[in-house]
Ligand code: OGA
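Okay, so here's just one chain, in structure tokens, the form predicted alone.
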């Protein structure tokens, strides 16, 4: 069971077993071993049209084709607003546990505060605290699930949500044009775009080499904008986890990554960014993720299939069904890993040790043989 908060656990010298990941899931690269492989793109002049817009669009498209993730600067979101949002987030997580837990998300509540995160049936927890709220469509906002402390939270986060939605739609417009479609094509494919804001707090961790702040995944939605502090910890891979790079923090920049929905609408041309977050023992870390997702009944299928290509999907499905299949597969994999570990632990206590050395069983325990299927197989 998750602790009330991670504050007390952060002071301990050893990590609780519920946070310890299998050997194959542990960090391979340090949180501050930064790479410059992820492009940093200035979008100043993107609204002016002409040659300048063309140059910016080319850079964005190249980044989406190669990584599915890039950073943008000169994005037009007021620096004062970004600073206010960051300050409020820090103040929220600094509140006493009982204040944060007034917005506890347990019991199926939509929005609020949660400690750690993990799939149903998954034994291992992520090392993070979260406060999340749903901001679009605006008619569905439930302000009872939005924090009321700090006092300026609602006003600032409303404005922040609006600016980030506008920015996301602008970037989707670029990708639509790159596909030879009308500027609004990707946005329209979302039907009634949903926006979820997730504020992540990763406390200092006593044994960061054994755990993750956020396990490896691809976002299910269309496009995500992430504001991160300068500590570092966001990591990406483009070779199925063989090698990882830590994204260089750029003050005031937004990290942009495409999700599964964006990947499928482009018929796989634009990558769904494969990423995770690592933690450290020196500093806490804060990030604010803004997820733009399609409506549950939006159709998921390539908007354009280029000549000579086949669709990466067998049939059109709704986003709700796509998400259900993705989560069901992840839960199935988590359950299998959990059962495999329990079986191996049981085997250690049986006469099987006479024919199979204990050392081999322990090695099997550390290196699960279960592999995840590619996202195409999960969603097809």
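The model shown is predicted, which means the values in this text are computed figures rather than measured ones. Numbering follows the first chain given and starts at 1.
What comes next is about the form predicted in complex with this ligand, which is not displayed.
Task: Candidate stretches 82 to 90, 300 to 308, 196 to 204, 180 to 188, one within 4.5 Å of this ligand in the predicted complex by heavy atom - done: Looking at the other structure, the answer is 196 to 204.
Task: All of 158, 163 and 253 within 4.5 Å of this ligand in the predicted complex, heavy atom check - done: No.
Task: Contact assignment for this ligand in the predicted complex, among 277, 258, 72, 172, heavy atom within 4.5 Å - done: Exactly one residue meets the criterion: 277.
Task: Sole residue of 287, 132, 116, 272 within 4.5 Å of this ligand in the predicted complex, by heavy atom - done: So the residue touching this ligand in the predicted complex, by this definition, is 287.
Task: Contact label in the predicted complex: residue 141 to this ligand, heavy atom within 4.5 Å - done: Contact with this ligand, no.
Task: this ligand contact in the predicted complex: residue 128, any heavy atom under 4.5 Å - done: Close contact exists here: in the predicted complex, residue 128 approaches this ligand to within 4.5 Å, heavy atoms only.
Task: Contact test in the predicted complex: residue 146 vs this ligand, heavy atoms, 4.5 Å - done: Taking the distances in the predicted complex, the answer for residue 146 is no, it never comes within 4.5 Å of this ligand.
Open item on the list: Contact with this ligand in the predicted complex for residue 214, defined as at least one heavy atom pair within 4.5 Å: yes or no?
Closed with: Residue-level check for residue 214: yes, a contact with this ligand.
Open item on the list: Pick out the residues of 220 to 238 whose heavy atoms come within 4.5 Å of this ligand in the predicted complex.
Closed with: The stretch 220 to 238, when checked against this ligand in the predicted complex, contributes 226, 234 at the 4.5 Å heavy-atom cut-off.
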